[in-house]
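What follows is one chain in structure tokens, specifically the form predicted alone.
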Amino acid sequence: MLRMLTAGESHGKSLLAILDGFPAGMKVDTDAINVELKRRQGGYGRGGRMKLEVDEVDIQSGIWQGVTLGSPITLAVINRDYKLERLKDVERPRPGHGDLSGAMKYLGSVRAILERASARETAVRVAAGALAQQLLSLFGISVFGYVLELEKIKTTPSVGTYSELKAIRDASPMYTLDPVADKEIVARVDQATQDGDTLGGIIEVRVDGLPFGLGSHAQWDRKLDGLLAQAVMSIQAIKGVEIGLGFEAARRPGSMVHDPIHFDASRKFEPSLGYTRPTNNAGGLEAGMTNGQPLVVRAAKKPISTLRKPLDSISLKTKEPENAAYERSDVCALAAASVIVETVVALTVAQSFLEKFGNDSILEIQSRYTGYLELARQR
């Protein structure tokens, strides 16, 4: 069982993730992890903190000579903007944050809540997910995330190979696959900046190369769609998750929802085992299990809650009306969120992959994976 815990505060000394159950024998590419951490800091509409932090991973345990040992892996990201002990409490809770709810729950300070509730925590989740991507890539599985919509601006994703699409996304100021829409997106972010407002949007992640049978139909807490929804919804500011058609499936008759099953013998040595679908409305999942088709997950990110022109709030001391507190923030972190969703999906898929094929060593997993595909082809 691959599992993860994170620790650390937004302005604390560092952020930590511990990965337990990661298999032995994988060569770790630290530079590739740092690429994802840098992407998380990018995107149009980011705030001043990203100019202070230069996120890089420090792997503190679980590897020897660059290779995983099978023991717990500790990933650290140091906060250059460490100043927690000097910060004052916040007395005017911010709508959309956990300030008020947390202060009531713990009968304590707002600062104690916002430091841990901050999306800064996702830096180490990205590091852990980037490590999971390296594991999945050994088995021909790719995980690719991008921005699909900003507010009401819809993009038309380009079509091409993985490397072509990656180049388009990485050149985009908002990590979209639509250079034409980028101009309108940048203008909208500029307008929101002038208005003292914030913006959200929709992210899509696609996972290719998945075999049949990750996840399970047998218990509710092992269904891969449920695990993905929980993992993605746990990301700060994510308010909705769709798989495949998602909510659109409820608006169509069954004949326009379910994916017909065909077979192409020339493709039986692919992970899909030759089973093809003319559509992928299920998004690669049926009954909680992968069905050999690409996995498609979408996430809806709300606008950032901290506004330069604050909304109404109250003073926790006097209970009198006041403007909400303002802490340095972004106008739009949608591009960054696409990196977070991508890596969180990668980690969740890796968990189900290792549940099916074991997690002691890469060599054993490769043997089991090859053997399973051979048996499945005979089925």
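So that there is no doubt, residue numbering starts at 1 and follows the sequence shown. In this text the structure is predicted, and so the values were computed from the model without any measurement.
If you look for the form predicted in complex with a small molecule, you will not find it shown, but the lines that follow are about it.
Is residue 189 near the small molecule? Define near as a heavy atom within 4.5 Å, in the model of the complex. Looking in the model of the complex, residue contacts with the small molecule do not include residue 189, since no heavy atom lies within 4.5 Å.
So in the model of the complex, does any heavy atom of residue 38 sit within 4.5 Å of the small molecule? Judged by the heavy-atom cut-off of 4.5 Å, residue 38 is well away from the small molecule in the model of the complex.
Please run the contact check for residue 268 against the small molecule in the model of the complex: heavy atoms, 4.5 angstroms, yes or no? The answer is no: residue 268 has no heavy atom within 4.5 Å of the small molecule.
Just checking whether residue 336 would be counted as a contact of the small molecule in the model of the complex - the rule being heavy atoms within 4.5 angstroms. Residue 336 belongs to the contact set for the small molecule.
Which residue, 302, 111, 277, 258, is the contact with the small molecule in the model of the complex, using a 4.5 Å heavy atom cutoff? Here the answer is residue option 302.
Which pick from 237, 76, 135, 103 sits with a heavy atom within 4.5 Å of the small molecule in the model of the complex? Of the listed residues, the single hit is 237.
Of these, 116-124, 80-88, 170-178, 288-296, which stretch puts a heavy atom within 4.5 angstroms of the small molecule in the model of the complex? Single hit among the candidates: 116-124.
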